[in-house]
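Here we start with a single chain on its own, the form predicted on its own, put down as C-alpha cells.
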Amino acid sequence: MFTYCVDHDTLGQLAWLSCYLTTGVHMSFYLAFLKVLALLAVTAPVALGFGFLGAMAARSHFPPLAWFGKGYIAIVRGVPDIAFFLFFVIALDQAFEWTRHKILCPDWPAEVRQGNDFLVCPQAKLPLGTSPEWVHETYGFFLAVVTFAIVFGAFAANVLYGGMRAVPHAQLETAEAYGMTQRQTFWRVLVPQMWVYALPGLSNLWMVLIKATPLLFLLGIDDIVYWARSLGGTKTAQFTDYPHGDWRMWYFLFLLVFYLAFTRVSEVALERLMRRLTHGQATTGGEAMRRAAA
C-alpha cells in the first residue's frame, strides 16, 4: 500500500510491520470482520422469524401443527450444533441442485446418485462453474445464513414459546371478555407482552450466536478464524515476501479482544432495551426499577 514497501527487505521494524499489515491478504482478513457482522445482522432477524413461527406452531390447537413446532424445537435443541451446521449445508445445497436438475434437465439419462457421488447436469450446478468468485462466496454465505437461522431459530422458538406462556392468562381472558377475537388477543395483548418475558432468553441467545460465528470456518467460508490461523502460521503461502515466526497467538488474541468488546457493547445495548421494555411492567425487572426509584 505504501510507496516505501517496494523493497521490504531494507525496511525498519515499524515500516516493515506497516507494510505487512496493509497487504492485500490482510485486507481480506479485515473484510472477514465485515462478513461476521453481516452474518449477525442478517441471521438474527431471520432466526427470530423462524423462532416466532415455531413458537406459534408449538402453541397451535391444531395437533399436527403443534407436533411439528414442538418437534422442530426438540430435534434441533437435542443435536450438537456442529452436526446440524454440516448437515444442513450439504442437504440444502443438494436439495437446490436436485430441484434445478429436475427442471432444467428432465431428460438427463443418468442417475443423480451414483454410489457416493451426487451428480447433476452442468446447468443445475450451484453456482455455475463459469460464475465469478463473488457469486460462489455469496452462495456460500446464503447457505450459512439459512443454516444459522434454522438452528438458532429453534432456540428462539423455545424462548418465545416460554415467553408466550409467561403472559398472565387472566389478561387474555379479560381481552376476550371485552369482545376481542382470538387473533386480536394474540397480536394486541399476548405478543406485545411476550417480548418482556422473552428478552432475557433472547439476549443470551444473541451472545451464543456471536460466539458461534467461528463455525463459518467449518462451512468453507474464509472467516476471521481462517485468516487468523493462515496469517499467523509460519511461512504461509500468503506471505512468502514477509516471512515471520508463529504469530497465531497474537492473531487469536486480537480475535479474543474483538469478541469481548463486541459482547460488551451488546450487553450494554440489551440492558438499555430491557430497562425500556420492563418500565412499568409487573415483572421482576419492573419491580426492581420501581424499588430503585422509591
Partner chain sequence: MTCLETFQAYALRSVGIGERLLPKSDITLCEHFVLIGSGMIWNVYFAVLALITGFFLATALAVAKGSPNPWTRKPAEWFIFVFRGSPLFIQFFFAYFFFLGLKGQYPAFDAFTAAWLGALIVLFLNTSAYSGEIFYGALRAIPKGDVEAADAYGMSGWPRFRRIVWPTMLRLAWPAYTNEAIFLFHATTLVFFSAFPAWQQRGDALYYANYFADKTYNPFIPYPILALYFILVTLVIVGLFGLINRRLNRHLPAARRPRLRIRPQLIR
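Because the structure is predicted, anything quoted here is derived from the model rather than measured. Numbering follows the first chain given and starts at 1.
This protein has a second form, the form predicted together with its partner chain, left out of what is shown; the following refers to that one.
**Q** Would residue 185 show up as a contact with its partner chain in the model of the complex if we use heavy atoms at 4.5 Å?
**A** No, no contact at 4.5 Å.
**Q** Using a 4.5 angstroms cut-off on non-hydrogen atoms, would residue 204 count as touching its partner chain in the model of the complex?
**A** Although its partner chain is absent here, residue 204 would touch it in the model of the complex, with heavy atoms inside 4.5 Å.
**Q** Does residue 197 reach its partner chain in the model of the complex if we count a contact as any heavy atom within 4.5 Å?
**A** No, no contact at 4.5 Å.
**Q** Do residue 38 and its partner chain share at least one heavy atom pair within 4.5 Å in the model of the complex?
**A** Residue 38: no contact with its partner chain in the model of the complex.
**Q** In the model of the complex, do 172, 191 and 270 all put a heavy atom within 4.5 Å of its partner chain?
**A** Checking in the model of the complex: none of 172, 191 and 270 is within 4.5 Å of its partner chain.
**Q** Using a 4.5 Å heavy atom cutoff, which residues in 256-275 contact its partner chain in the model of the complex? It's fine if the answer is none.
**A** Counting only heavy atoms within 4.5 Å of its partner chain in the model of the complex, the contacting residues of 256-275 are 256, 259, 260, 263, 264.
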